[in-house]
Ligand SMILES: Nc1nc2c(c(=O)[nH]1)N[C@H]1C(S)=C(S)[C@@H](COP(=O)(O)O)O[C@H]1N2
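Encoded as structure tokens, the following chain is the form predicted alone, with no partner shown.
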Amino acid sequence: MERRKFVKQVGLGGLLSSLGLDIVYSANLPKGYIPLALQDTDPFELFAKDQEMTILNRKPWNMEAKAHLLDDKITPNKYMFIRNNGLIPQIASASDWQLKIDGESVKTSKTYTLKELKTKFQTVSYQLTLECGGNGRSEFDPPAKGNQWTVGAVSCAEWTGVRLKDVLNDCGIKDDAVYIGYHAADIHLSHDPTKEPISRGMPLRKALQEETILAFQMNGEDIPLAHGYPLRLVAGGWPASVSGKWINRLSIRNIEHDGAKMKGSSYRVPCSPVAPGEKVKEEDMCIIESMPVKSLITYPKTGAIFSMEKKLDVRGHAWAGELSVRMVEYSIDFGSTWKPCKLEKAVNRLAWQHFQTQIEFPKKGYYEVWARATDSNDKKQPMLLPGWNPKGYLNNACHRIAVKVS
């Protein structure tokens, strides 16, 4: 049973009592705090994740998939990466959840219940690609600080909710509005209630896109707690940090949002190329917006061994931030020559696209299959690591798998 539902049914006190324990000073538990006895439980059970998922960090929880686990066209929860900046809140019930819209540039500040959002505004569903800005960080040299993601901090689930622009327009947007900032119920690692773990946002132009939504379902069910239950902002094609979880407040700003992890080097890259290891001034860093073109081979699993008599079936996904993918190619000679793959159109804008091909090898031996995507502006993935940056963001180098032909 999903841990959120279990805790909701028996309560924290009841759960620990069932283990023969009493919570001493239970009346002093900070709001939303989950005792360590529950936080340290089996994460695969806690989050309903596959045992092959890789844990990068436990406080806060950060977890990624291996490439072959992402073979589904629509990513199921068990293979979706988790990227947290603070502690997951305890959500007792969605029935009393509220979303407040405020800020310098709102005409009328309003508060909506979840029921009001579902009944007052049109419900829409989109498949949307979410990728951590640091996906691929482990390849940077010199190493960049942060979770050492490999290739699995990406997903494309189907999200259902209401368009953010409909809610903003219902409140009214002043002419000087330029940015949207989000605020959420997650808890700072210090447990200081005056601090937010993360409070990012997006320019108004992104907030008003058709596909930017306030989601309350993922893949046709309530969003799992680790992914933002009961309400999440979803803005596909941009770093997943823009898609805030556990949203309870949105601010319409007349300035670039200045919340937690909007300044310094957080989710920023040098505005101009720099040498590896070079220090960069804050004023020379630019906020990451649309993610770069990228592809991922999801079948076969790297290390596959197969017979010379058979062609190798290869498939995967490609995406390009705000753009579409025009072409995916493969190479078996370390990038000397490239051949086209069959590429499907996206189900909707900002969804990843699926590719497949069959490869015939000239003789027995060791090979690497490389995939390279080209976006609708004709920009190709680099074959190897792109330009270095202090936090190891935006690594969109070609994905490679190893195969042995016997």
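In this text the structure is predicted, and so the values were computed from the model without any measurement. In this text, residue numbers run from 1 along the sequence as written.
Below, we refer to the form predicted in complex with the named molecule, which is not included among the displayed structures.
Engineer: Taking 4.5 Å between heavy atoms as the contact cutoff, choose which of 164, 132, 180, 157 touches the named molecule in the predicted complex.
Structural biologist: After the contact test, the surviving option is 132.
Engineer: Going by heavy atom distances of 4.5 angstroms or less, which of 198, 314, 99, 287 would be at the interface with the named molecule in the predicted complex?
Structural biologist: Looking at 198, 314, 99, 287 one by one, just 198 meets the 4.5 Å heavy-atom criterion.
Engineer: So in the predicted complex, does residue 80 come within 4.5 Å of the named molecule, heavy atom to heavy atom?
Structural biologist: Flag for residue 80 set to yes.
Engineer: Is there any non-hydrogen atom of residue 85 lying within 4.5 Å of the named molecule in the predicted complex?
Structural biologist: Flag for residue 85 set to yes.
Engineer: Indicate whether residue 246 is a 4.5 Å heavy atom neighbour of the named molecule in the predicted complex.
Structural biologist: Yes, residue 246 sits close enough to the named molecule in the predicted complex that at least one of its heavy atoms falls within 4.5 Å.
Engineer: Does any heavy atom of residue 326 come within 4.5 Å of a heavy atom of the named molecule in the predicted complex?
Structural biologist: Looking in the predicted complex, residue contacts with the named molecule do not include residue 326, since no heavy atom lies within 4.5 Å.
Engineer: When you measure heavy atoms, are 359, 369 and 404 every one within 4.5 angstroms of the named molecule in the predicted complex?
Structural biologist: Contact check failed for every one of 359, 369 and 404.
Engineer: 106 to 114, 330 to 338, 221 to 229, 305 to 313: which one contacts the named molecule in the predicted complex at 4.5 Å, heavy atom to heavy atom?
Structural biologist: Stretch 221 to 229 is the one.
Engineer: Counting only non-hydrogen atoms and a 4.5 Å cut-off, give the residues of 182 to 197 close to the named molecule in the predicted complex.
Structural biologist: Contacts from 182 to 197: 182, 184, 186.
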